Each structure stands twice: as structure tokens, then as C-alpha cells.
Ligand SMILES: O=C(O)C(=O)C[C@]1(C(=O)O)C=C[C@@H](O)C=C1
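In the form predicted alone, a lone chain appears below as C-alpha cells.
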Amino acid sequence: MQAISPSSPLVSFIPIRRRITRLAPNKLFVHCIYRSDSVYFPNGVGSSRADWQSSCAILASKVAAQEQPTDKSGEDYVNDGSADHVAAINGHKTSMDLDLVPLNKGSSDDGNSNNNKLMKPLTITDLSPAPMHGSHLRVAYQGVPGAYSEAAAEKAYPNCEAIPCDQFEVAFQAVELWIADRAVLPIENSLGGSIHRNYDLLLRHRLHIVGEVQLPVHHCLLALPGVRKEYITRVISHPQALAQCELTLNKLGLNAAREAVDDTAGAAEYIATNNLRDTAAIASARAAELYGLQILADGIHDDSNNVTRFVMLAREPIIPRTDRPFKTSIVFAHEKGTSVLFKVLSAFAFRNISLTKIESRPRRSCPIRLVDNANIGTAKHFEYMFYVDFEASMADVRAQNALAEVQEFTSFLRVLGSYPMDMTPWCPSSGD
């Protein structure tokens, strides 16, 4: 939750605890998603996947695919630490299992036991918090090496240790469990729109938005070396990448079936691992370099103005400032439906605060509102949560007063983060 000074009039505008239904525990297994068997990728990162294991931790999840119950009187997304699935980190309860490899106290670097070699004692530097920026940050992202999310993580935190995760959920939990210091996840694309899954996860988890980064997307058609376009019978990639390249694929004369996979770089890895000579992938040029593929066609996206906005997440919020442009993200709802939306937006308009995004998501705890009318019958209305981004810092008095007024009209309000805006110059993807 966004930190607010005690003297601020907004000290009570966010509900601290909500009654929630006890959730069935989900098990999280953290282990390497890559096997240690040797797989050779020409011009790749190494002769075996074990090379990756030595450079960064790879996460995977076996999160149970089950529908979580909703609460009866509030927002089931508001997790105050009392739910069963919260990890036992810093005093919280847990029902998660971490399949971590224990350290061998007496082992030497070559794997031989050495009882005379003792563990190095901890020092104060071992307990110091991770820096806000720099080379020591561990940043989680969804996908495999070569994904656009990895490029966004490196743009947000240069020289960081990027940690691949197979699901968005794993990236959130990696930060909560102190396996990673930050997470960089996509929130919207200029062509495909919002990534709704991550909006839902922002409410389910207690992480804070601490920054944003915008990354131009440059798609390439990749295949194994020596494969020609006329041999291609299948094109695989992320669903949005397939949609963003549909017109260009038709112009190339590819009479190939389209097949969706989890991510773009994962498609390239799949082709290289299985030596598929009849399949092409839509991915980045870096993915081609990592997995030893050739680029059959460069810049195949239908629109050159293709950019994805990512948000950076951390366990603690940053201190809002007014010496540079800031953006604030909030989410709110009202038990009387959408009629309050105009009043909420007016609170920003009257103070000349620009809104950059409005997104609505159904309220899982109360999806339908019934209105009885004796003469007509019963009207059914969908209930929504509203996400709003506006250009102002929480240190700005205008923003504080606006949210104090919004609190009067809403039954639920949460500040997801107040963070610096991405002011880097716009640079379309190369080759356009």
C-alpha cells in the first residue's frame, strides 16, 4: 500500500483489513525449469543448459489451477497477510513448499567434502537491502531468455540479474519470497491493449509499482539454419505476436498454420530444442542469436508503432517526489455500481490532473448487481473495479486532495503505486 505521512488527510482513505474467505493453499515449487542435459545451440549462450543455471536462478511453478473462492462482503483481492497462501517470510504464515537445493556446509567447489572448511559468517553488508538501481538487483520477468520482458528488465535495471519465470504469478511470488528484488511485467500494448491477467494479480498480491518502462517491439520470423520460407508449414508464437504480424505473414505467401504458445522466445527455444525444420517462430532478433536460428524476415509486425508498457514492482513503495514527472496508479470500486464513476473522475478534472488510463475489470466478489422493480422486474448490472492512472505524484497536494474526495464516493480504494514516468525519447523499433 502506498506510504502516506501521518499528517496527510489521506491516512484513512484506504481500508487496512478486509474480511476474506480462507483460501485453499496453492503450492509453489521453485526449481530449475531447464534440465541439465546437454543441448547445443549454435551461436547460443553455451554448450549446455547448465551454463544458464550457473548464471541465474530459473523459477518454475506448479501452481494449482483451481478457481479461488470469493469473499461474501468485500474485495477478495485484498490480501492483508491473513490468507493461507501467504508465505512464511518475515512472520507470515505459509502453505507453500520451496524445493530449494540445500547448501552443503562442508563441500568444496569441486564437490568433494571438506569438513575443515567452515561457512563464512554473515556481515552487516549481507543484511543490507538491495539497491534501487544497479548491477546487484535480481529482476524477475515472465518468459525465457530472449523474451521482450527480459529486454524490458534490462532497460529498467541495466546490468541486473534477470530471472526468468514461466508464469506471471511466479514473478509476483518471486519478489514476495525474496527470491527476486524486483519484477518487470507487461501491463499494456499499443496494439493488443491491456494485459488483464496482470491487473488481477496487482490486486491479489501486495507489491507496489515503483516505475514504468516502455519498450518498442520488433518482431522477426525465425527458423533453423538452411530452412527456406516455402518449407514452413507452421508458425508459432505468443497470441498477440501472431495477431500483430497477420497481414505481413499473408504478404509473405506463407501457407502455414498459426499456433499459439506461452511466449515469443519460448517458441524459438522450442524449435531449436526439437530441431523442427517445418516450423517458424515470431520472436526477437536476440532470441535468434540465443537459440541459433536464422532470421527469415525482419520487422514483420503490421504496425511499426508497436510498443509495450511494463511496470516495475517491489516489496516496498518508493517515496513520492515532485522534482520530476510522476504517475500514480489507483484502483477503486463502489458497492452501488458505476454511477459513482463521474464523481470520481470529476475530482481529478477540477484539479487539472490529467488521466492517462482508465481500465475496468469485473468484481469477482460481486459480479452481478440486482435491482428490483415491482412494475418491470429485476434488472441485472455488471459490477466493476476501476483502474486509473493519473499524472501527479502522491507528494502533490492536488493528488492528495483528489484522493481524499474520491474516498468519499468509493467503498474500496487502493494506491497501487506512485512512481516516475518513463520520459525516454520515443524510438520505433529498428528497421522501420
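Residues carry their position along the shown sequence, with the first being 1. Because the structure is a prediction, the values reported are computed rather than measured.
Below: the form predicted in complex with the named molecule, not depicted.
Residues within 4.5 angstroms of the named molecule in the model of the complex, judged by any non-hydrogen atom, belong to 308 to 316 and to none of the other stretches in 155 to 163, 308 to 316, 272 to 280, 325 to 333. Each of Tyr148, Pro186 and Ile195 places at least one heavy atom within 4.5 Å of the named molecule in the model of the complex. Checking Val217, Ile209, Ile236, Ala288 for any heavy atom within 4.5 Å of the named molecule in the model of the complex turns up a single hit: Val217. For the candidate set Glu359, Asp263, Glu169, Glu176, a heavy atom within 4.5 Å of the named molecule in the model of the complex is found for exactly one residue, namely Asp263.
The named molecule in the model of the complex is approached by Gln244, whose closest heavy atom lies within 4.5 angstroms of it. Shown alone here, Thr248 lies farther than 4.5 Å from the named molecule in the model of the complex, counting heavy atoms only.
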